[in-house]
Each structure stands twice: as C-alpha cells, then as structure tokens.
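A single chain comes next, written as structure tokens; it is the form predicted alone.
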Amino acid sequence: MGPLIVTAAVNGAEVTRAQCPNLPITPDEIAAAAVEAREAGAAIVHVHARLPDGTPTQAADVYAEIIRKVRERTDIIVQVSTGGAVTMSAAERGQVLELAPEMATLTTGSVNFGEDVFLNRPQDVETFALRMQEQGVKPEIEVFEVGMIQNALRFVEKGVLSLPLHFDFVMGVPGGIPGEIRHLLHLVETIPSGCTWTVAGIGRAQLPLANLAILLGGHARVGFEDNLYYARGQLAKSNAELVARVGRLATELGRPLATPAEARAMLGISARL
C-alpha cells in the first residue's frame, strides 16, 4: 500500500466555540491550525470560512485570506468547502470556486442532515463540477449515502467529471449512512477500480474508521469538524492531536504518511505555483 493521506478538517460550519474552546475561526487561527496539522502529518487541510463571530460564510474574500495565510506558512494542500452550511443557497456556496483553489469538496446528492436537509440538486452539482473543471480544481466527491457514488458516475458519463475520482465517505451524520465497518466495506467495493478514497467518521466513528482505512489502503480525515473528542469525555486539545494519533497508528501498521507533494502526485493535482 502507498502512503496514507491524512486530511485535517479543522473547523467545519456547525461546531461552535461553546462546544470546542480551541476551535479555529479567524484566518490567522485557521492558518495556525493548518501549520500544526501539517507538522503532525496531515497533507490536506479542509477549511470552512467563518466571520469573526463564528458565523459560517462562503464569501470569497474571507476564503482568499485563509488560503493566502496558509500558503505563506506551509505547503499543505488547502481544500475548500462548496458545502458551506445547510442554510446557504447553491450560488452562495459556489463563490469560493472563483479563487481556483487546489481542491474543493463536491457533494453529489442530497441527504437529511440532523434536523435539516443538505440540498444538492443535480443541476447545482453539475454547475459546481463544470466550474471546477474550468478552474483546474481537484474535486473530492463527498458521499453521505451509497447512491451518491452512482450520481458521481453519471456526471462522469456526461463529461463533467473525469475518472479516476477521489471520494470522501462521510459516515455517521444523523440522516446519512451509519459509521459502521460493514458500510465502509460496501462503499469501498462500490467505487470504480483506480479511484482513491478517504473516510470521515463522525464522532466516535472517527477513530475505528480511520484505523480501517489504514488497513484497507484508503485515506483518513480527522479533525474538529467531525469529532471533538480524543477519548470518551475528553475533548481533543487541537486538530493536530487527532492527526498525530492517526499518524502513530499508520506508522505502527507500516504505512508512511504522505507529504503534500506526494498527495498532489497521488491525486493528480498540479504542482502549486
């Protein structure tokens, strides 16, 4: 098996400072979290933009500041979100693509999300995919249900996505596919040969699914967006603490951690200028 790509999802759109005192919100805080995650072994940092009061935003100028500050300090791949928050319109969520980031998430279907609905109409997904294609952005296909894999492959048939795809299996969201080992095995068996995948286990599913990803040759996402705890009843001190634990497990199991340069090569991302 090749090197393990670790993604640090450092803040998300839903988590609050009341829940997580060390949650990075400002561009400076997000950049600092990215540096720490890189030093702990992450190759990708997945970011959501926030306003100073913590409110989620998809404003391109805020994302531009985040990307600039991260790039000034580290070589980590910056992956932005086109998911934003469930209350946002598709037009609002897609603003960030005008910045031509290296990577962006692309959710290929709708799903119940707790008490809300994460709505992704086919025409909006296609618009996002085409804009990523035009801007040279590497999409990460976010999968909350197995049907989203087939949706992505239909976009391949239409020519708006290209194989091999890189999938992120988001497992354990209330309303989505449960964070169980049997479901991860099914997702892995469903994607086309030659595609790559990572898994983002929500809450207590994060550690066992990350461990399984190491063994299966996949990749792992950890961080405050998905899980706030290091152990039962013990809040994690930082995103880097969660990254470092996966790094130790990977080392023990014989998989080296991918550097950002190696991850770019593995995912087909052009070298950063």
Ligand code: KMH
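Given the structure is predicted, the values throughout are model-derived calculations rather than measurements. The first residue of the sequence shown is number 1, and the count goes up from there.
There is another form of this protein, the form predicted in complex with the named molecule, and it is not shown here; the text below is about that form.
Glu102 falls outside the set of residues with a heavy atom inside 4.5 Å of the named molecule in the predicted complex. Contact check for Ser81: a non-hydrogen atom falls within 4.5 Å of the named molecule in the predicted complex.
In the predicted complex, the named molecule lies farther than 4.5 Å from every heavy atom of His219. Looking at Thr198, you'd find every heavy atom of it more than 4.5 angstroms from the named molecule in the predicted complex. Though the named molecule is absent from this view, in the predicted complex it lies within 4.5 Å of a heavy atom of just one residue from Val146, Val156, Val86, Ala90, which is Val86. Between the named molecule and the residues Cys20, Ala13, Leu249, Leu257, the one pair within 4.5 Å by heavy atoms in the predicted complex involves Ala13. Between 67 to 75, 177 to 185, 102 to 110, 199 to 207, the stretch whose residues reach within 4.5 angstroms of the named molecule in the predicted complex through a non-hydrogen atom is 102 to 110. Contacts of stretch 115 to 130 with the named molecule in the predicted complex, defined by any heavy atom lying within 4.5 Å, are made by Phe118 alone.
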